[in-house]
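What follows is one chain in structure tokens, specifically the form predicted alone.
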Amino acid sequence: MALKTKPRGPRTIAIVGPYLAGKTTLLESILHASGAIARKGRVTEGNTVGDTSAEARERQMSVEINAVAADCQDDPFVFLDCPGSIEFLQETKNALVGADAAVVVCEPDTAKAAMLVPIMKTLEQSGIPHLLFVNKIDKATGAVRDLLPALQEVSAKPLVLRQVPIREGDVITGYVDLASDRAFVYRDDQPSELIQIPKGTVERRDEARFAMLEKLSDFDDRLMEALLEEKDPPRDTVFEDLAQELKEGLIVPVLFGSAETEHGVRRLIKALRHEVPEHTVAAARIGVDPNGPPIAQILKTYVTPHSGKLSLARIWAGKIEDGAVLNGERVAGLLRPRAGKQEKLATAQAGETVLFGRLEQAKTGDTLAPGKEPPKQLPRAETLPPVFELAVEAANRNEEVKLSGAVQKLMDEDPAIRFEQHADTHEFVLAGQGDIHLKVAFDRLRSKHGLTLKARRPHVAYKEAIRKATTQHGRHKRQSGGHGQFGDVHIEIKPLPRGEGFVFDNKIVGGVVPKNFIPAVEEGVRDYLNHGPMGFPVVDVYVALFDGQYHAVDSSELAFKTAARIAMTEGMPKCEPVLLEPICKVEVAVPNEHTSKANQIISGRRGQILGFDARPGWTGWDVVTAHLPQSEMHDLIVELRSLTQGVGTYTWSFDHLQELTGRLADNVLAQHKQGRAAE
């Protein structure tokens, strides 16, 4: 099973992990250690290669994929620095579609291990090889051996510790590499220095090295035999096993260091060079023949003020030239994303991740191939359902005409954004993954499109129904020179079971209302039902026309429509109207240590808990199912994330309408009346 040669060719590495783990700092150190940049920037100073957007710099956090190419000795890499905030998880999922492997950055804090779960699950489900880089090891307060079990709990694959620390007192000054069985002492922003293994570390080295070899032997019979015979396996065999088992997704190697001081970064780079499989492996994983015709896939779309639309794409097979026609559009520029600049290319080969210029119709996730017609689409990242929304309108009414166009460009950049007009409330609603996510969206609309939005909590689509039946006469009679207006109807109004909608019944006999006027009566009834006695749409009501009168000259469709509205206006208040609020079915997913608190959150929002069960495929997680009023869901995601270190989430769907009475109903009606008065 051992690899005979080191992997070669261009490879793409995603740098992922929770917010504040140090991913952007790690990218900076990788670029410096590989010679791609002469001086490292700092996130706090706003001068890093990644996070160049104003939105990222202002918040000192990544808000989109940052792609940078670097040559690590003779090996070309592209690093995709992905946002850590759960609100930008869509960006990470899109990036991973094109990654050969991922470096998962985490902190040496057992209390923060749970924050890794969403990204670890994404990697495992996608079958993407990944390594763990425990950052900030110089600030660790506990032992690495205690951290590993906590990290193992969030990984379905066995973790294989690659290093043990060398300590001087409470300070970690270096490490023993368990694969090469050599010791190194750290040098800030310089290569580590080879030293003899300290005597005080030998026992721990022996214990950790045997544990590493034992885990590797689970997948290699030769190594198992060597261990049983108490033989130390050749160094090359160990490295070959590490590479092969990473390639097959059998293990997760664990390295550590400090991105800020560059400790352990060069060892990480070496692991990437020697152990991350060639791009052909990732191509085969998604179903592409790496030796087949040219094919590429878009990982990220950027809309820039000066360069227009740029599409970050992974080329899975073949070669693509500048000016090539992909899916019917000509590539206007082929670029490699270098640090601080973009390198123009004439041709890009299979395995490379590059930027295509001005593919106006192409979207994130799209598969591209030469020719006029789109090829069969490759698997793309799932689009996360929105969990937070705001009603929006242009701050300047003169800018309303460009709202939809600007938001469409925003959605091209960020597929996790949704924009739609709600049919019931007629509001334009912008939806996404959280409060910060939408604030970044507003900033982009302002900076890139000159559009400032006003935002507020969306209205809830309340309805109303009736509890009792009645009959009502409605007459419309007007005489004003020439033909007058005359319409006379008798209608029956009664409630229907919840969910039945609206039913109109024609019970006219003997032609007392001519057939050609019957549709006008129904139209008048429907028109009224848009705003019932309480001001909301009426549902679940039966209306029958059973009698009436007409005039041979003065009757008209308009007159009968008006008569029907009069009958409804006078009859509906007699039917004991009642307010209905929408109830949603909600499935809340949280680590099981937070399940009881999640139940409290739901109950505190007038929710009805239906039950809970283990989350399929997520060890140590529960899914709580409940009915929750839509009016109580606006900031639910904020409270859930606050409770669960940012990892809790939920999905929802409309379930039913339920009567709302008492003070809550009075408050809704008062606010509705106040809102209509202000219009």
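Residue positions are given as counts along the sequence shown, with the first one as 1. All figures in this text were calculated on a predicted structure; none of them were measured in a lab.
Omitted here: the form predicted in complex with a small molecule. The next part is about that form.
- Contact here is defined as any heavy atom lying within 4.5 Å of the small molecule in the predicted bound form, and by that definition not a single one of 464, 582 and 672 is a contact residue.
- None of 81 to 89, 189 to 197, 496 to 504, 151 to 159 except one has non-hydrogen atoms within 4.5 angstroms of the small molecule in the predicted bound form; the exception is 81 to 89.
- Residue 279 falls outside the set of residues with a heavy atom inside 4.5 Å of the small molecule in the predicted bound form.
- The shortest heavy atom separation between residue 22 and the small molecule in the predicted bound form is within 4.5 Å.
- Using a 4.5 angstroms threshold between heavy atoms, residue 644 stays clear of the small molecule in the predicted bound form.
- In the predicted bound form, residue 61 approaches the small molecule with a heavy atom inside 4.5 Å.
- Of the candidates 93, 437, 136, 476, 136 is the one whose heavy atoms come within 4.5 Å of the small molecule in the predicted bound form; the others do not.
- Proximity to the small molecule in the predicted bound form, taken as a non-hydrogen atom within 4.5 angstroms, holds for one residue of 311, 258, 562, 163, which is 258.
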